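Just the one chain here, the form predicted alone, laid out as structure tokens.
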Amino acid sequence: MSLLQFGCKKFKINVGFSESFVKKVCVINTGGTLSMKASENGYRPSAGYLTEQMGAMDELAQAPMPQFEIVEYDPLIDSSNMTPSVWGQIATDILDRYSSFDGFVVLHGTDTMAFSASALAFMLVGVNKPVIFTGAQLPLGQIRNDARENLKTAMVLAANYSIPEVSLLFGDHLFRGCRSTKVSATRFDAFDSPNYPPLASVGTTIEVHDETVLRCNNAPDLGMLPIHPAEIAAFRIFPGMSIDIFKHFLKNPLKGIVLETYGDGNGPSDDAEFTEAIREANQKGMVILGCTQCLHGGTTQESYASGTALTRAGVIPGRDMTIEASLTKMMFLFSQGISVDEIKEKLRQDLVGELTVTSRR
């Protein structure tokens, strides 16, 4: 039997499980394309539709599929409307059910899935079970879809493999959550991990790359650290940008900025107003983190004079963090009640596998 928790109501549906199945997975449906229904206005969230579709999937009652429980959010959320409060709800739902399941699958829309997976990686502590985000480009109910395989593979991984961290499954690979980024709006292999190898590869067999999985011998007690909205933003530099707009952008109430720089961490260093604006913001206590605009590689700000100028002005090199990890990490650190100096120091550190301290060149 599987169990759907919807609002304050619980409904049971029979999917033909044998009592011999011992593994249990909690499927948390936050919303997203995977569980949407076609309408005259396009795909839309539909309460109970996931349960209906999964109930019709006979293969879910066969080995190696686990028993499962569905927790469905009310209302279901288009991921473009995702917020830190929902991240907190996902984390709470996992912790409340942690002892009852072998693993967790979080169904999520693709638009902000990498942000949510990154945020949960920072928020959840002491996790020694799989927490796997997945979704789809086409819904379960479509004739052609990627939803069925993503869902089934995520459930198998969550139930049967030792991957004790927050991850993201899409297509043929399982990626570390805080290393993932969306790279395509249309392809079934919509996500990638540009600067860190996959945790697992999926083909005719599932191969877990144990050397890439995050393991801690002295894990802290299970729990959750808070994350709240913060006065932070991202700014992408570009040729011909207005320095007046940039200077205005740096004004209060902004407390932190992820500066999307060129290449290895370079910027228009010949523009004295640009570097001076950064220097003044840094001296006033603003946290400024450099993140490359490139998909692969990272920022060291060491190779070129235009990069070292940013370092001298106060920009912290973000190394090989994704933009999603950079923003959620900064938001997370501002939520911990620590000083600006501590935030700057921790941005340089690898906290949950989100960055490579030694630069990869």
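Computed from a predicted structure; not experimentally measured. One-based numbering along the sequence shown.
Absent from the display: the form predicted in complex with a small molecule. The rest refers to it.
- Think of it this way: in the predicted complex, the small molecule has a heavy atom of just one of 266, 137, 193, 150 within 4.5 Å, and the residue is 137.
- Of the candidates 103, 84, 109, 198, 109 is the one whose heavy atoms come within 4.5 Å of the small molecule in the predicted complex; the others do not.
- Contact check for residue 318: every heavy atom lies farther than 4.5 Å from the small molecule in the predicted complex.
- Contact check for residue 93: every heavy atom lies farther than 4.5 Å from the small molecule in the predicted complex.
- Looking at residue 80, you'd find a heavy atom of it within 4.5 angstroms of the small molecule in the predicted complex.
- In the predicted complex, the small molecule sits within 4.5 Å of a heavy atom of residue 36.
- Only one of 56 to 64, 292 to 300, 26 to 34, 318 to 326 lies within 4.5 Å of the small molecule in the predicted complex by heavy atoms, and it is 26 to 34.
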